[in-house]
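One chain follows as structure tokens, the form predicted alone.
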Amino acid sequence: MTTQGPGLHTHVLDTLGLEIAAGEHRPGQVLRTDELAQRFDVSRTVVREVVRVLESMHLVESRRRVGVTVQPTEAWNVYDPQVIRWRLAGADRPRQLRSLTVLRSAIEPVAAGLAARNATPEQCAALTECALGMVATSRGQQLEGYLEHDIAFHRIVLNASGNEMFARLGDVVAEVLAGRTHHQVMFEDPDPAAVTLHVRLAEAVREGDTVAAERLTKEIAVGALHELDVLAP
């Protein structure tokens, strides 16, 4: 008897997503819905729902009389947060983290400069609060608490830029930061220099100093790349 439900949908989706991201199903390989239903002991309806999600991410392509074909990496929506999460869970994690961190280093300094020009008083206050939260959780191996403040900090910077394209990258940055923490690509306590840079960046945004905001964000990115060189060579 096959089973179905939200939990099963999530299980099948995560399993297949992780396998495709890890290269266990090669590009061009055809996955049969009936075989997937049998493997996971779920209905074909669940499999079709999962395939639709994977197809929306361009990981697979479903064609009648052909089946579900795994797509090459070049076709994937690599900005999709779930795709990022799956890729960071695999053996290619160091390269993925470096690629995503380089992306951040190209975008976030510009966003920070714009934030120094456009941030509202409420955004400045929230940014300062996040920076202080990072300071408060930067000792005593409170990485989950630190992560929460870190993600919120960078979301605010991107949103405060006033550029909707930058703002939409908030989920991408969140997955990168979460991936570093959850896959132990972080020191037991965050680098004190990085924490200080975040505090200074909040000050620069509040003071409307665009040059300092860009420079400090570049320094944060350089520090993150250095950590990867040490922890994920």
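Since the structure is predicted, the reported quantities are computational estimates derived from the model, not experimental observations. One-based numbering along the sequence shown.
Only in words, not in the display: the form predicted in complex with a further copy of the same chain, which the text now covers.
Contact between T73 and a further copy of the same chain in the model of the complex is found at the 4.5 Å heavy atom cutoff.
Taking the partner from elsewhere, V53 is found to have a heavy atom lying within 4.5 Å of a further copy of the same chain in the model of the complex. By the criterion of a heavy atom within 4.5 Å, A106 is counted among the residues contacting a further copy of the same chain in the model of the complex. At the 4.5 Å threshold, heavy atoms of E49 reach a further copy of the same chain in the model of the complex. Contact with a further copy of the same chain, judged by heavy atoms within 4.5 Å in the model of the complex, is confined among 87-95, 145-153, 116-124, 130-138 to 87-95.
For the candidate spot formed by S99, V110 and E164, every residue has a non-hydrogen atom within 4.5 angstroms of a further copy of the same chain in the model of the complex. Residue in contact with a further copy of the same chain in the model of the complex (any heavy atom within 4.5 Å), chosen from V176, L31, A204, L169: L169. Using a 4.5 Å cut-off on any heavy atom, the residues of 61-82 that reach a further copy of the same chain in the model of the complex are, in sequence order, T73, E74, A75, W76, N77, V78, Y79, D80, P81.
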